[in-house]
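Form predicted on its own, single chain, as structure tokens, below.
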Amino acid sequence: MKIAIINYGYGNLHSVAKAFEKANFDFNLNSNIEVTNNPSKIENADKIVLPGVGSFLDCSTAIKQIDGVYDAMQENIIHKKNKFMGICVGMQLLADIGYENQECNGFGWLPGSVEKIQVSPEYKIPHMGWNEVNAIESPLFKGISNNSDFYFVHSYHFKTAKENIVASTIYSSEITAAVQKDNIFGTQFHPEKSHNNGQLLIKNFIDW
């Protein structure tokens, strides 16, 4: 199985690649994991991972500026229906629109918008650190106890239809922690920084 981790200049590429390689080795999954921005490799991968660190606008712009990358993703994920995992801003880009810094179109693969987290005064922004995640039944959370901790770093969150939300967390109010629709999956938290729970989630994605 070929897994393409997309390199577009944003995201914890080294950490994400190492986390996938570790899960691949520890669980004996025999996948070929490659960090790439080659459209041909992206289009022909069995699964795609899109990391993301930075602003919605910067990440969206960077992907679309690399010739052929967005089109290859669209072909692989939307037309071929291969499995996709977005991490942090990589998940947020699934939305129709984002409002970080300025209004910016997303991929429009899941309905919704990315908006600043609204918190009461005793909470700080960005939301940073470990938080319990409440997951509903999903193959991506197989073997992970409900209310397990995952690591978050973000100031904006994905507001989408309830049927697309497979996990949530509480930070002043309920916010989206993970989304899934058909072959598309995304996490607001960073599985590559979430120790054993993150490794199990990555294993579940590779197995998915």
Partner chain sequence: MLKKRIIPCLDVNNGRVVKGVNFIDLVDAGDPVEQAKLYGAEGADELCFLDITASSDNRQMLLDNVQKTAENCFIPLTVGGGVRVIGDIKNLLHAGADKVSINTAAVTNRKFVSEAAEKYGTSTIVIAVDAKKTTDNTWEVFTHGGRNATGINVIDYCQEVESLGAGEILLTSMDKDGTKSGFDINLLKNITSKLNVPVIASGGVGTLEHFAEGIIEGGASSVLAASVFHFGEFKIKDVKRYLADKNIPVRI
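These figures come from a predicted structure and were not determined experimentally. Residue numbers count along the first chain shown, from 1.
The next section is about a form of this same protein that is not shown, the form predicted in complex with the partner chain.
Exactly one of the stretches 177-185, 60-68, 35-43, 144-152 approaches the partner chain in the model of the complex with heavy atoms within 4.5 Å, and it is 144-152. Interface residue remark: L29 is not counted as part of the site for the partner chain in the model of the complex, having no heavy atom within 4.5 Å. Although the partner is absent here, M128 is a contact residue: one of its heavy atoms lies within 4.5 angstroms of the partner chain in the model of the complex.
F189 falls outside the set of residues with a heavy atom inside 4.5 Å of the partner chain in the model of the complex. Among residues of the shown chain, N12 is one whose heavy atoms approach the partner chain to within 4.5 Å in the model of the complex.
Contact check at 4.5 Å (heavy atoms) against the partner chain in the model of the complex: none of I117, K203 and F205 pass. Although the partner chain is not shown here, in the model of the complex the stretch 14-31 places heavy atoms of H14, S15, K18, A19, K22 within 4.5 Å of it, in sequence order.
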